[in-house]
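Shown here is one chain on its own, the form predicted alone, set out as structure tokens.
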Amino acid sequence: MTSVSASTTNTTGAPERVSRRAEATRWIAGLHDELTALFGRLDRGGTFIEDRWERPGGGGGVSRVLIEGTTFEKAGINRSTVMGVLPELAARRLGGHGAANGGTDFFVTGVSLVVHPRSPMIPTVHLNVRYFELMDTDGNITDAWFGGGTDLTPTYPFREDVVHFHDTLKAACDRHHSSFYPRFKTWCDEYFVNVHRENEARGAGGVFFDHIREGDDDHGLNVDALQAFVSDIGRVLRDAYGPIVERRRDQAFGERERDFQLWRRGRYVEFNLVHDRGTHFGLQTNARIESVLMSLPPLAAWKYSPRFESGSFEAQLLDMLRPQTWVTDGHGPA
């Protein structure tokens, strides 16, 4: 495969830059198709609808959403390739090299997925991967990097499901660099929190990474190796999440579990609207609003200051969401 170069030098010519972007766009489109096929199979009956859209200012995307499926109440899988001038507020939040020094142009292509199951026995899952470039006003690349990750948000405290998810992620990360899982697991634990609720965790974590550049001192990997790693994360849900869906899809639940699921979804919404970088970036760069807010569940609830009895499954779930070590023997899925 042609590599997606992440060079941060300013010697990249226009033909090479165009080729790099075209390859990144093809890579993301392939992942988008794979993920759509995977979740279509897992749902066992629902159909994705597709919307193609263009962004004023440059680029566009493809949104695929499954609504009222057999297994999933809502599943959204989006890809986009957008470019243009980076607004000042977005540039400050982005944190890339050169992003706040005069005029900044950007290019980004990525795929993002959020799945909200019908059953509270099946956890919500999120995944995204992306490639990003920043350019100065002369068209020279000032920064380029990969980002992404995936995390699990359970409603019912099945510890074995979270262990399986993390074991599979660790195995995928370890194939590329021994530092990736512990580093990106910690990053995920620290990122997916509702700061306004005393750092309450959104879910049971996973891995999260951003600004991962070619030749960084902490990994030393070239661009081909980095793209291989990010591609593996983009495909990890088949093994990390698929078995959980199959294990839980027919498990009985009642009104109490459903009510708790809706309340937990409310917390999910709070994080995505208040803290999520991707949501903020989309809103600040005039992206298609339906795609930006694709991650929101069809139904959610907010209860005033709920209390859960000690030992109840609700209390166990909230206790389980505290950051902790999930992997078993460190050698992959149990």
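Residue numbers here begin at 1 and follow the sequence given. Bear in mind the structure is a predicted one, so any value in this text is a computation, not a measurement.
The form predicted in complex with another copy of the chain is left out here; the points below concern that form.
**Q** Is P56 a contact residue for another copy of the chain in the predicted complex, using a 4.5 Å heavy atom cut-off?
**A** The answer is no: P56 has no heavy atom within 4.5 Å of another copy of the chain.
**Q** Taking another copy of the chain as it sits in the predicted complex, is M294 near enough to touch it, meaning that at least one heavy atom pair lies within 4.5 angstroms?
**A** So M294 counts as contacting another copy of the chain.
**Q** Please determine whether F308 contacts another copy of the chain in the predicted complex, using a 4.5 Å cut-off between heavy atoms.
**A** Output for F308 is no: heavy atoms all beyond 4.5 Å of another copy of the chain.
**Q** In the predicted complex, is there a heavy atom of another copy of the chain that lies within 4.5 Å of any heavy atom of H32, even though the partner is absent here?
**A** It does not: once another copy of the chain is placed as it appears in the predicted complex, H32 has no heavy atom within 4.5 Å of it.
**Q** Under a 4.5 angstroms heavy atom criterion, identify the one residue in H219, R213, K74, H176 near another copy of the chain in the predicted complex.
**A** Among H219, R213, K74, H176, a heavy atom within 4.5 Å of another copy of the chain in the predicted complex occurs only for K74.
**Q** Would you point out which of 156-164, 119-127, 196-204, 249-257 contains residues with a non-hydrogen atom within 4.5 Å of another copy of the chain in the predicted complex?
**A** Selected stretch: 196-204.
**Q** For the stretch 241-273, return the residues whose heavy atoms include at least one within 4.5 Å of another copy of the chain in the predicted complex, in the order they occur.
**A** Read in sequence order, the residues that approach another copy of the chain (within 4.5 Å, in the predicted complex) are L262, R267, V269, E270, L273.
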